[in-house]
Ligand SMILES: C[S@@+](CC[C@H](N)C(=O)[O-])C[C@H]1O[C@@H](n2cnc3c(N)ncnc32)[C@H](O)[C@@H]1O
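There is one chain below, alone, in C-alpha cells, taken in the form predicted on its own.
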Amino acid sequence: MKAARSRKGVTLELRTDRAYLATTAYADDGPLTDRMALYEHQRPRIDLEAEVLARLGEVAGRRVADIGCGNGRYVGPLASRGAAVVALDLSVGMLRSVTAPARVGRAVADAQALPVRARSLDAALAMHMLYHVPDPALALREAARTLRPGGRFVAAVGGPRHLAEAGELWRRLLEGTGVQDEAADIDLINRRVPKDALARLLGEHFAEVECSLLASTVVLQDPGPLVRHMLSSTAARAAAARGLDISNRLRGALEEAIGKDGAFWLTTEVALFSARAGGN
C-alpha cells in the first residue's frame, strides 16, 4: 500500500486518493458500519439526521443532493419527507448499499466535478466527507455552482476534540514500533479539514455561514466497538502495510483501561455547518 501518489504534480495523501477510497476504504459499507456503530454508545445520543433536517427546513418537492453519501444515512430520511434526492459517491459499492426508494437517483461522482447542472438543486449535503477530497475548496465551489440562489448547504466535519482519547491511545500503541507518524495516513484522526478551516472556506463560497458544535461522550464497558472502529480505519491499514499488527495490543490496552476505571470515555464532537448559496 502506497502512502501517497503524485497526480498532475499534486501529492495526494492516501485518504484523498480516489482509487483507494473507491476500491479499498469504501469498497463497501462494512468499515463505515463498524465506525458508525461506535455511536450507539453515545451519551446523550446526537441525532444527526434530525439536526441536518432541521437546518435544511422544508424539503418536500425540493431537489437535494447528498454528496459523498456513503451508505445513505441521510438519503432515506430526506426521501421519506418528499425530497427528490440524488445520492452521489465515488464508490459503486457504497451506492449499492444505499437503502432508499427506487425514485432516488444514484450516480458515481467526484465532489470536485459534480455531474449536476448549475443552479439545479435546492439543497446539498457534504457530511463527513470533505477531508477525503484533494481540494476541498474546489468541492465547495462545485456545490455552490449546483445550488439555486438561496439554496441550502449543510456540511460536517469532526470537532477539535473528536475521538481525542482514541487518538492518544493509538499514538501510544505506535510508540517504540519504529513507525513514524509524519504521514497523515498513519494518524487515527483525519485532520485535513478542521472546523476553522471549513468555516473560512465556506465563507468564500456561501453566505450566512453558521456552525454548531455538537458534543457528547461515548461510554464503553466493552472494548469491541472501539476495536472494530479503529481497525476499520485507514490508519490501521497503513500500520498493517508497515508490518504492524496491533489488534491484540489495542484490545489489551482497552481491557486494561476499562478494568481500571470501569469504562472508557471518548469525546465526540461534530462541527455542523449550514450556509446559503448567494446570487440572484
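Residue positions are given as counts along the sequence shown, with the first one as 1. Note that the coordinates shown come from a computational prediction; the quantities given were computed from them, not determined experimentally.
Separately, the form predicted in complex with this ligand exists; it is not shown, and the next lines address it.
Residue Ala111 is the only one of Leu202, Ala111, Leu163, Ala144 with a heavy atom lying within 4.5 Å of this ligand in the predicted bound form. This chain is drawn without this ligand; in the predicted bound form, the residue among Met127, Val98, Leu140, Val193 with a heavy atom within 4.5 Å of it is Met127.
Using a 4.5 Å cutoff between non-hydrogen atoms, Gly70 counts as a contact of this ligand in the predicted bound form.
Shown alone here, Tyr131 lies within 4.5 Å of this ligand in the predicted bound form, counting heavy atoms only.
This ligand is not shown here, but in the predicted bound form it comes within 4.5 Å of a heavy atom of Leu21. At a distance threshold of 4.5 angstroms between non-hydrogen atoms, Leu90 is in contact with this ligand in the predicted bound form. Annotated contact segment (heavy atom within 4.5 Å of this ligand in the predicted bound form): 102-110, selected among 193-201, 102-110, 77-85, 145-153. Annotation: in the predicted bound form, residues Tyr26, Leu32 and Met94 each come within 4.5 Å of this ligand through at least one heavy atom.
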